[in-house]
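In the block that follows, a single chain appears as structure tokens, in the form predicted on its own.
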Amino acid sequence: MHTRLSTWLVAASLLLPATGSLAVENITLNGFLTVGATKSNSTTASGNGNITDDVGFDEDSRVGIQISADINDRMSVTAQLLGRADRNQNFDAGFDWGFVSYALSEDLTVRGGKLKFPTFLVSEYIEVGYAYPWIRPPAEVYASNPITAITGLDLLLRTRLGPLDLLVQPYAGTSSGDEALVPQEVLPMLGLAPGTVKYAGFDAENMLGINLALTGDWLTLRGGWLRTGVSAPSLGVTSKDDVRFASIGASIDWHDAIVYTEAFRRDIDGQANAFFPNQKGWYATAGYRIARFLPHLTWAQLRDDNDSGDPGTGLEQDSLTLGLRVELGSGAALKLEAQRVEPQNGSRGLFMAAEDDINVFSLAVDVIF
């Protein structure tokens, strides 16, 4: 069975009734589940401590329910309940996001509430593993922004440009209470020993951004830009240090071939740079369907983008990932991946300590219902 990119996106959005959804008094429920396991060949753990040389299930396992309802012909509400391992490896569940939509016209919609943050190609449905080929999107790009949702407003302006659909999505808002992984390099400043997994809260205020997307039958082009002010009082960052973030990406699903590629650049001023150093990175994925099998290969790089006077230490690594997605029937897929990660230029990469190279093996089952 061939699973086209458009099918994955419909399944991922979960905004339209799918097979197995339940509609009761104008309420529609849809769900997704991922059960995943990881193991590496090194005693050096990943930066969040979830990937080690022991078999672990905390990195990728999660379950979610999306609830949507029409209020009237123009207004609807949508929310997502997500359950996964928390920072202490205890299973935790809560509302990931929720918003109200109002259609100003056929082509213009305004949304308000807690919105999923549109940073990259799959950011708005990143928890729905069935919607993309990897077990987890490449960390060299997707780990660069710890903000997953913002409280605010956005506009969705849709129009046609020849054979393509254009989406223009300006947004404004704030992010409070999010947590970011504290870099190993600054743990001594906090009186903590190397190897500690520490998260710290931060606030992003006065956020303004825009997301642009061109979509056709087999092609999607996306670009985004945002600016905000970041503070983290628990880390001594009390001023609203300036942050600029830009990203571009493209995906192709043509006949049996798929391609994904994205790149980003993050610039942060002031003391916040010590905890969120300037970085840039990219990845490219290519795959080809053979019946119900989709083998794919991903090459990714993360690089330091700090100047000599910046206080932070940028991380650097390369990775090569060989993956296989196997369709298990409608709404279910099995995925296997083998990844080789090589920290560069004396950096520890996205692990707790520097290593020459680390091999990571992952397995997951994704379902939607």
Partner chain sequence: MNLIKKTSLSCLALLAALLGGLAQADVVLVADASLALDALTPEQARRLYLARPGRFPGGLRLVPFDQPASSPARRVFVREVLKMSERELAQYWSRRTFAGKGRPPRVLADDAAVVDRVKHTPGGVGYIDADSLDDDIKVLLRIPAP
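Residue numbers count along the first chain shown, from 1. For clarity, every value in this text was computed on a predicted model and none was experimentally measured.
Keep in mind the form predicted in complex with its partner chain is missing from the figure; the text below concerns it.
Trainee: Considering its partner chain in the predicted complex, which of Glu179, Asp107, Asp269, Glu205 comes within 4.5 Å of it through any heavy atom?
Mentor: Selected residue: Asp107.
Trainee: Report the residue, out of Gln279, Ser247, Thr228, Gln80, that has at least one non-hydrogen atom within 4.5 angstroms of its partner chain in the predicted complex.
Mentor: The residue from Gln279, Ser247, Thr228, Gln80 that makes the contact is Gln80.
Trainee: In terms of non-hydrogen atoms within 4.5 angstroms, which of the given stretches 170-178, 142-150, 157-165, 197-205 touches its partner chain in the predicted complex?
Mentor: Among the listed stretches, the partner-contacting one is 157-165.
Trainee: Could you confirm whether Ile368 comes within 4.5 Å of its partner chain in the predicted complex, counting heavy atoms only?
Mentor: Yes, Ile368 sits close enough to its partner chain in the predicted complex that at least one of its heavy atoms falls within 4.5 Å.
Trainee: Using 4.5 Å between non-hydrogen atoms, is Arg289 touching its partner chain in the predicted complex?
Mentor: Yes, contact at 4.5 Å.
Trainee: I'd like to know whether Gln344 contacts its partner chain in the predicted complex, with contact meaning heavy atoms within 4.5 angstroms.
Mentor: No, Gln344 sits far enough from its partner chain in the predicted complex that none of its heavy atoms falls within 4.5 Å.
Trainee: So, in the predicted complex, is Asp58 in contact with its partner chain at a 4.5 angstroms heavy atom limit?
Mentor: Flag for Asp58 set to no.
Trainee: Would you check whether its partner chain, in the predicted complex, lies within 4.5 angstroms of a non-hydrogen atom from each of Asp54, Pro188 and Glu355?
Mentor: No: none of Asp54, Pro188 and Glu355 comes within 4.5 Å of its partner chain in the predicted complex.
Trainee: Using a 4.5 Å heavy atom cutoff, which residues in 247-267 contact its partner chain in the predicted complex? It's fine if the answer is none.
Mentor: Result: Tyr260 alone.
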